[in-house]
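One chain comes next, on its own, written out as structure tokens in the form predicted on its own.
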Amino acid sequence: MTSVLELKGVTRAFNDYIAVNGFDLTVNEGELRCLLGPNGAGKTTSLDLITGRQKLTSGSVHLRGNDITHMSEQQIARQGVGRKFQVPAVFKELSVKDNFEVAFTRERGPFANMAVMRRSDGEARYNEIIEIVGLGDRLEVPAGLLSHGETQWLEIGMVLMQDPSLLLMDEPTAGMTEQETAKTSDIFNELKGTHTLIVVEHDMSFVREIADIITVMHMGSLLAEGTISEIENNSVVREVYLGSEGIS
């Protein structure tokens, strides 16, 4: 299998506090990897290190074989890494359609993108993503009037508009209703295989619906890795994170 992302001995220290400690991770083409762990395990910090938002203390990050360890956040984004944060970042005063157009490419100023996207390749991508996130009947609605779930789907679509080779999703179902979470599961299951994703998530039911492989972190390090069945039957993971009920 072709690896898209490799983290080798990644460490991030803040004086005496080590947030990520010698963390290794390999994610393959088309895989949906869920990154789990207790609060403070180092999950979001790991995403920060992948994207260049924070700098490594030691170790390395490779994207499709290219060393991106010392690149800036903007350079890494241009290499094909897209990220959705837990709190959506959309242009609330713009319509859903305009938000998609603004997000089309990182190569130009955001509003210049709106004209560029209207070319055939931009239109094709736009139509495909509208279908995936299911916002076709909300295109003219200002983003500020969307429900919480719709706002999350809009930002997922905006990340997809940048056509990244690796998508990082930080707690995408936080605050969603049960119905919104179910639709988000459908979106992610449609994406995997043709996209490579890392999803940080606490909703175990959601993880069960989407995950190919699960990586569990504890105190900044790798605790366990495997399928859902392997993880929920791992006694160490149960003790540290899942508890007696496992993934339900």
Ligand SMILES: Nc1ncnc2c1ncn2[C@@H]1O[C@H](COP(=O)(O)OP(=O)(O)O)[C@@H](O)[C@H]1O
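Rigid core here is just the name for the largest C-alpha set that superposes within 1.5 Å across the two forms. In this text the structure is predicted, and so the values were computed from the model without any measurement. From 1 onward, residues are counted along the sequence shown.
We do not show the form predicted together with this ligand, though everything after this point is about it.
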Item checked: Stretch in contact in the predicted bound form with this ligand, which is absent here, among 42 to 50, 185 to 193, 24 to 32, 62 to 70 (heavy atoms within 4.5 Å) -> 42 to 50
Check: Which of T177, S95, Q86, S147 has a heavy atom within 4.5 Å of this ligand in the predicted bound form?
Finding: Q86
Margin query: Can you work out which of V240, A19, I228, A224 has a heavy atom no more than 4.5 Å from this ligand in the predicted bound form?
Written below: A19
Next item on the list: Taking the rigid core as the superposition reference, indicate whether the CA of T177 shifts 2 angstroms or more between this form and the one not shown.
Entry: no
Check: With both forms fit on the core, has V87 moved 2 Å or more by CA between this form and the one not shown?
Finding: yes
